[in-house]
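Before any questions on binding or motion, here is one chain by itself as structure tokens, the form predicted on its own.
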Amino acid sequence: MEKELIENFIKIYGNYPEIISCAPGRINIIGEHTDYTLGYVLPASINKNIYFLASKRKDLRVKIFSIQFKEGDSFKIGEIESFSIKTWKNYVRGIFNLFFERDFSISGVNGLIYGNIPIGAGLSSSAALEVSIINGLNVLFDMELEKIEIACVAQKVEQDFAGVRCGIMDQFISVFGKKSTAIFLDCETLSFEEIPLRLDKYNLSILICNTGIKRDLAETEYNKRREEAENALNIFKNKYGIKSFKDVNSQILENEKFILGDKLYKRARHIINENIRVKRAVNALKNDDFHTLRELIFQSHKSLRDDYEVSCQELDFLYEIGLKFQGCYGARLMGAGFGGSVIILIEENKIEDFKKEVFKDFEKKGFKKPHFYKVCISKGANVKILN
């Protein structure tokens, strides 16, 4: 892969790249819509990545080409504007604009981007793109940014230039991911614990089923859900002086049910219970208790469907198939919802049977044919200096 990317870079720019940066996408075992509410999450980085190759220029011109999109972009540092439409170019421009505004000493670059993370599948291709470029520029220009700074810069780019009021989870796991390990992250304090994933020991695999239903986070109800969560939390803050939903127990929730109203009550109930589920999932994994994990994963989807209302009929159908399928240890929507993918924990020798059943049942329902990806838990972002 690296050799072919280097050859492509030379063909486009006529010179050898100085660095090749790589950042992974992610799965999230459990803990959905809890990151931006400063709660708990349990993500892991996967063996699908975004690559960024770059060399310095002597001027302030940035030239970038994306192999995946078969198009390039060119702009001058100090004169950067974002596009009004959603495009991968905004992420790149946002990174350079942020570095310029923060007075980092950078010049122009020639850059090449390639990725094998399915776009719109809920595997955080945008976070991987941000982290790959930021980490690469960090090495190329000797910025000496710490890992946590890289994650925070990437999050800010997503929020400011892409218009998605995301939490820190996607960027954090892309930076801090580790092979065969999930990260139990407190999104408020950014303290974390590495949790071993002994899937091979129990002949389990992680399967992603992409429904093919595209969702554009900046143009869906994602930001609306965040606003609703903030409104609910403000009610608790004003009365109890708490900082996050982690401090809200079921008694407090029930006490304020009338004030919250039905919608905000349900939003709060999901977040509060999801935080509890994450902590229980961590304990289950520490004890290799995949039966308990199975129940928690199914409970998570039900809550996302009924209380947070971010599912769709295709996602719900996959959940229902998983509930009935022998050898499935959990299936739930992953990511923001409104489409995208379902994460499925399943026995390795049952994968093909599961896929056949899904294809058959989806066809009967008249749904689009979904796509499956078996993923492995892999390492986080890294940069190689080429010369």
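The numbering used is simple: start at 1 and walk along the sequence shown. All of these numbers come straight from a predicted model, not from anything done at the bench.
From this point on, the text means the form predicted in complex with a small molecule, which you will not see here.
Interface residue among Gly39, Pro43, Gly335, Gly330 relative to the small molecule in the predicted bound form, by the heavy atom within 4.5 Å criterion: Gly335.
Between the small molecule and the residues Leu296, Leu207, Cys166, Ile150, the one pair within 4.5 Å by heavy atoms in the predicted bound form involves Cys166. Partner contacts here mean any heavy atom within 4.5 Å of the small molecule in the predicted bound form, and among 45-53, 31-39, 346-354, 63-71 they occur only in 31-39. Taking the partner from the other structure, the small molecule in the predicted bound form has no heavy atom within 4.5 Å of any heavy atom of Phe75. By the criterion of a heavy atom within 4.5 Å, Phe161 is excluded from the residues contacting the small molecule in the predicted bound form. None of the heavy atoms of Phe236 is located within 4.5 Å of the small molecule in the predicted bound form. Looking at Tyr222, you'd find a heavy atom of it within 4.5 angstroms of the small molecule in the predicted bound form.
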